[in-house]
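First, one chain by itself: the form predicted on its own, in structure tokens.
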């Protein structure tokens, strides 16, 4: 699932490409992705709206439209927004652009927003888990799923004291707590592994047993890892691509994520992977002692 750096990359790119553009029409072939309103009404209401701003909240993309409307896009596991040109033949979108846009990962197009400049904004989603919701700005911003989100780790106001407050009273394993979107927004499986390896903290350590110095290390590496990942345009392990269909570059910098059996870059012991609920934790048992 795209995490904070991947979603931030998409938002930053789309701001340069689609702000000020009007939506002429909408095509879709997977109505279940459109959660609200009903797909037919969705298409009717989107027509003629102007894209005024785009923001990120945790892993959500918020597209602010004219007439006080707001479009929420959550890409879920395999979704990514693309900016390109497609023609629909036999009910299947085909990219008119050569190169990466014709790669398989970019060809699971299920929603297309036709813009007034001849280009389109499209959602590619292999597993069709993404969700799109249209409503008034007030309605969307007050959705329960947005209201319960924790603080943004890259905001200037997110200091160590606020980090401590976010973790106060939590009793779970530190990796699970870092991935809990109600505690801190935007961190998922990839970056929690990387942050904890750099901080030399075992992912199974109970958060309420961590010392102040250990918390300071985690806080420091949250900022460092996420900033670097944004700079390198995210991690493309499988499905993530930027709006031009290109891969992010952070995968070349990964220390432990998906490196089970390889040598730890720090101590040369083998990296291990353990199940944690429905996820996996990658770590070095020598550097990150339980």
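Residue numbers count along the first chain shown, from 1. All values derive from a computational prediction rather than experimental measurement.
What follows is about the form predicted together with the DNA, which we do not show.
Visitor: Test of understanding: in the predicted complex, would residue 257 fall inside 4.5 Å of the DNA by heavy atoms?
Guide: Although the DNA is absent here, residue 257 would touch it in the predicted complex, with heavy atoms inside 4.5 Å.
Visitor: How about residue 88: is it within 4.5 Å of the DNA in the predicted complex, going by heavy atoms?
Guide: No, residue 88 sits far enough from the DNA in the predicted complex that none of its heavy atoms falls within 4.5 Å.
Visitor: Would residue 237 sit within 4.5 Å of the DNA in the predicted complex, counting heavy atoms only?
Guide: Close contact exists here: in the predicted complex, residue 237 approaches the DNA to within 4.5 Å, heavy atoms only.
Visitor: Can residue 272 be called a contact residue for the DNA in the predicted complex at 4.5 Å between heavy atoms?
Guide: Looking in the predicted complex, residue contacts with the DNA do not include residue 272, since no heavy atom lies within 4.5 Å.
Visitor: Out of the stretches listed (203-211, 120-128, 151-159, 133-141), which one is close to the DNA in the predicted complex, meaning heavy atoms within 4.5 Å?
Guide: Flagged stretch: 120-128.
Visitor: Taking the DNA in the predicted complex as the reference, which of 55, 249, 32, 47 has a non-hydrogen atom within 4.5 Å?
Guide: It is 32.
Visitor: Using heavy atoms only and a 4.5 Å cut-off, determine which of 279, 24, 21, 266 is in contact with the DNA in the predicted complex.
Guide: The option sitting close enough to the partner is 279.
Visitor: Going by the DNA in the predicted complex, which residues of 183-215 come within 4.5 Å of it through any heavy atom?
Guide: Contacting residues: 188, 189, 190.
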